[in-house]
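Consider the single chain below, provided in structure tokens and representing the form predicted alone.
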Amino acid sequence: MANFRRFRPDDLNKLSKCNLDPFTETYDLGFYLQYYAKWPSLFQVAEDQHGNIIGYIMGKLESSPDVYRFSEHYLPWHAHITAVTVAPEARRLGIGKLLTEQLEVAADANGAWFVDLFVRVSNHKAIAFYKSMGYSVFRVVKDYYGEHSTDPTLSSEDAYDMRKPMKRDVKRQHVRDDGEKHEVDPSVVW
């Protein structure tokens, strides 16, 4: 059984089991602490009965800068999943789903239009997971990742920008059904 709670700074030394997956982005310590300081309610961990971190989610609430308000790429107030990962031995137990649902509840409580995330196009398991939770591809961000996770001969990898509408988006204005057909350059992604 997992215990879910907010991240604490002393958890930094316990994340490595979760970050061993080649699809999981690993950040410098300051990045994790920035999320802890700015969005503590959106940085949750799951721990096992021995206190080991077996999963976590990092998220934030944001919108594009006002200067881009009239750009076709402007993002209104939304929640963003920066990272969600579960240790290999704890997968398929519903931990990732519960962490994601907790973030979605916080997104709705804060009036977000949608929740979005970026996922490597080669990460088929994660894509299937997100689709099962109601996320859809909004657009393809070309060469988003600076390295390819499975093919060392490739210098970059595309990302899917996936979204799930929240309660505020009654008309589903911020999702689309044909997102795979909409390609953008990483320079227009904020």
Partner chain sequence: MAPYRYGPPALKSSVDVQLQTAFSDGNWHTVIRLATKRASTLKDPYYEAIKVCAESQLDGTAEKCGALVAIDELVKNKKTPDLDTIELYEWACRDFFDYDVEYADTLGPLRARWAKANPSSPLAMQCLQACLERWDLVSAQQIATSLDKAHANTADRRYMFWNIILTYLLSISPQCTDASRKVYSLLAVRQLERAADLTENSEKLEPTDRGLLTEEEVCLYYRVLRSHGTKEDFISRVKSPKLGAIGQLKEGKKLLLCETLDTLETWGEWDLIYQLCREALSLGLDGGTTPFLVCDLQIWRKFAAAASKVADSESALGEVQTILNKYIEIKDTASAMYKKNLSLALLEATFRLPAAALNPNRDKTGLSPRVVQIGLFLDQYFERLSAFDDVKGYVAELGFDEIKTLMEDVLPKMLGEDVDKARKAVLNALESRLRYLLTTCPQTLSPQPSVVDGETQDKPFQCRLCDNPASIPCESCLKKILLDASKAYKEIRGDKELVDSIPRLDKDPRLDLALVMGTSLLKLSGLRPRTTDVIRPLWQTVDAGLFLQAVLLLDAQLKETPGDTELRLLLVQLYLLLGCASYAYQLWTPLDVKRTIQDALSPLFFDRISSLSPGLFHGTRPLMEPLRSFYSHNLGDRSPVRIWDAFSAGSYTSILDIVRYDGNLRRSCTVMMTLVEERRATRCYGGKIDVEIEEHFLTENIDDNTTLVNNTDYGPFPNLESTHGPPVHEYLRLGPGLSNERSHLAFLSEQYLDLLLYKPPKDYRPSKQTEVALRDREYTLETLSRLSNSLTDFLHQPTTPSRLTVAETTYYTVLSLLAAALLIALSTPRSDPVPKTLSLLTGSIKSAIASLRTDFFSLPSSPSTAASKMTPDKTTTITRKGGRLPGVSPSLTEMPTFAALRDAALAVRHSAAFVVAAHDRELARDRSGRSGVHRDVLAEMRALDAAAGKVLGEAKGHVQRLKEVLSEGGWLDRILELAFGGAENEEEGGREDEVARTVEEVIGGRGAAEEWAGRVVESWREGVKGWGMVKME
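These figures come from a predicted structure and were not determined experimentally. Just so we're on the same page, rigid core means the largest C-alpha set that superposes within 1.5 Å between forms. Residue numbers count along the first chain shown, from 1.
Beyond the structure shown, there is the form predicted together with its partner chain, which is absent from this document and is the topic of what follows.
- Site annotation in the predicted bound form: the residue of 146, 65, 134, 40 reaching within 4.5 Å of its partner chain with a heavy atom is 40.
- Taking the partner from elsewhere, residue 117 is found to have every heavy atom lying beyond 4.5 Å of its partner chain in the predicted bound form.
- In the predicted bound form, no heavy atom of residue 160 sits within 4.5 Å of its partner chain.
- Taking the partner from elsewhere, residue 93 is found to have a heavy atom lying within 4.5 Å of its partner chain in the predicted bound form.
- Residue contact with its partner chain in the predicted bound form: residue 129 places no heavy atom within 4.5 Å of it.
- Within 4.5 Å of its partner chain in the predicted bound form, a heavy atom is found for every one of 6, 27 and 34.
- Residues are counted as partner-facing when one of their heavy atoms sits within 4.5 Å of its partner chain in the predicted bound form; in 8-28 these are 8, 9, 10, 12, 13, 14, 15, 16, 17, 19, 20, 25, 26, 27, 28, in sequence order.
- With a cut-off of 2 Å and the rigid core superposed, residue 41 has a Cα displacement that falls short of the cut-off between the shown form and the other one.
- Fitting the two forms on the rigid core leaves the C-alpha of residue 132 displaced by under 2 angstroms between the shown form and the other one.
- With the core held fixed, residue 169 shows a CA shift below 2 Å between the shown form and the other one.
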